[in-house]
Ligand SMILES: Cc1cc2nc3c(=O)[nH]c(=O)nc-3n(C[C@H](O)[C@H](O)[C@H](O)COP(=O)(O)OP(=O)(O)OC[C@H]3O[C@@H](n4cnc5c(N)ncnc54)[C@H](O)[C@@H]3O)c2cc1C
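Taking the form predicted on its own, here's one chain by itself in structure tokens.
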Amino acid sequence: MQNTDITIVGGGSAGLTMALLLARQQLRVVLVEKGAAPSLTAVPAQTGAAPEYQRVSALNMASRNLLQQLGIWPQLLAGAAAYTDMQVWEADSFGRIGFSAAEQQLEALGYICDNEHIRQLLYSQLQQYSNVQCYFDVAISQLKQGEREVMLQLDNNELILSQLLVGADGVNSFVRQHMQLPLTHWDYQHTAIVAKIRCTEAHQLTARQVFLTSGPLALLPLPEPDLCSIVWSAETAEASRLMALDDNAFNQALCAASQAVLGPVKLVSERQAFGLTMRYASSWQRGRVVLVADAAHSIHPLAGQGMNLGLMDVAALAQLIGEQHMAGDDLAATPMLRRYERWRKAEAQSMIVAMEAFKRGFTAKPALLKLLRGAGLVAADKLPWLKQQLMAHALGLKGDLPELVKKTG
């Protein structure tokens, strides 16, 4: 039997970030993950190899600040693409808007990072802390909580007792389901196709997104000047059709959909498809158990904010736990957990509403709505104050931010 302060279920970026934040506060932490550990022998920063970029995330400035504080940003940046410009337009319309880092007096608008590279660097950093123990390739056989502690039994018969359990175990969260925390969800009726492509023309560190009638297509720059990651979110029937095409036919369809903005393109990876569902837990905590990141909410990827939203959950909860720890109070005190829930629910709800509005607004087909969308994009592009507000939200620098992400050094 092992006694610890906090148990984290889930070894993705959110869970590993949580573990690292708590380790820095001298708390005893156990992390449990049903999958394999990130490979430390294949960390690109140590081997000189490039990340695979099979799944990528767009990190905003708030997430950058957090990862800077955790000490992994220089290595992560070495394998990331900092995009300095963004172009958004609607197919078959005059509507378009552009954003530039120079306009914001910033070095970049965001960073395209490999998801597994983030995990590798976080896990590597955790090796410095003797107060963290990680269990990978294990499943949970029992989860029970009492008045003063949570008990976790693993399938290797290990027993773990802790004051607080954090569910960071993703969209199909075992913790959320076991605790019977109610979930609101709806099918976006979209499937996201992700892949890497080689372009004829250089991407010029510009992130591009075109809104098609069947859904948005994002072209995200990678470190090589002619290499991009695509996220093509299409209505499910259209996505199935696209996945059934051979590579040459898909290349042609992609070039046409992107209006050849980067010239003829060629797949350089396998295509992967993921169904998109909005999930939102109406309660994020029960007793000594609390949810963060995708275990609590998931959103449409059209604005690339899913990873950022989850990392801000983690930073907020770690901040409040730290305050409890410094005061010598219960790490799972109900008032603190409810404060966290109110804080982050407000941010998640705002993002869910915004993503649904974008999705519905840009897939509505009537001609009048199409005209209004185009006029709206052009108007926003011409109004500096409105662009400033839009960019502040996209950069993650607006709203009720955790203290740690406000720091830049």
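For every residue, the number given is its place in the sequence shown, counted from 1. A quick note: this is a predicted structure, and the numbers were derived from the prediction, not measured.
Missing here is the form predicted in complex with the ligand; even so, the following discussion is about that form.
Colleague: Heavy atoms within 4.5 Å of the ligand in the model of the complex: which stretch in 288-296, 84-92, 246-254, 70-78 meets that?
Modeller: Of the stretches listed, the one contacting the partner is 288-296.
Colleague: Taking the ligand as it sits in the model of the complex, is Gly396 in contact with it (heavy atom to heavy atom, 4.5 Å or less)?
Modeller: Output for Gly396 is no: heavy atoms all beyond 4.5 Å of the ligand.
Colleague: Can Ser258 be called a contact residue for the ligand in the model of the complex at 4.5 Å between heavy atoms?
Modeller: Close contact is absent here: in the model of the complex, Ser258 is far from the ligand, nothing within 4.5 Å, heavy atoms only.
Colleague: Whether Pro223 contacts the ligand in the model of the complex should be assessed with a 4.5 Å heavy atom distance threshold; does it?
Modeller: It does not: once the ligand is placed as it appears in the model of the complex, Pro223 has no heavy atom within 4.5 Å of it.
Colleague: Is Gly110 near the ligand? Define near as a heavy atom within 4.5 Å, in the model of the complex.
Modeller: Contact check for Gly110: no, nothing within 4.5 Å of the ligand in the model of the complex.
Colleague: Of the residues Val265, Met307, Ala315, Leu217, which one places a heavy atom within 4.5 Å of the ligand in the model of the complex?
Modeller: Going through each option in turn, the one that passes is Met307.
Colleague: Scan 8-34 and note down the residues that get a heavy atom within 4.5 Å of the ligand in the model of the complex; none is a fine answer too.
Modeller: Those in contact are Val9, Gly10, Gly11, Gly12, Ser13, Ala14, Gly15, Val32, Glu33, Lys34.
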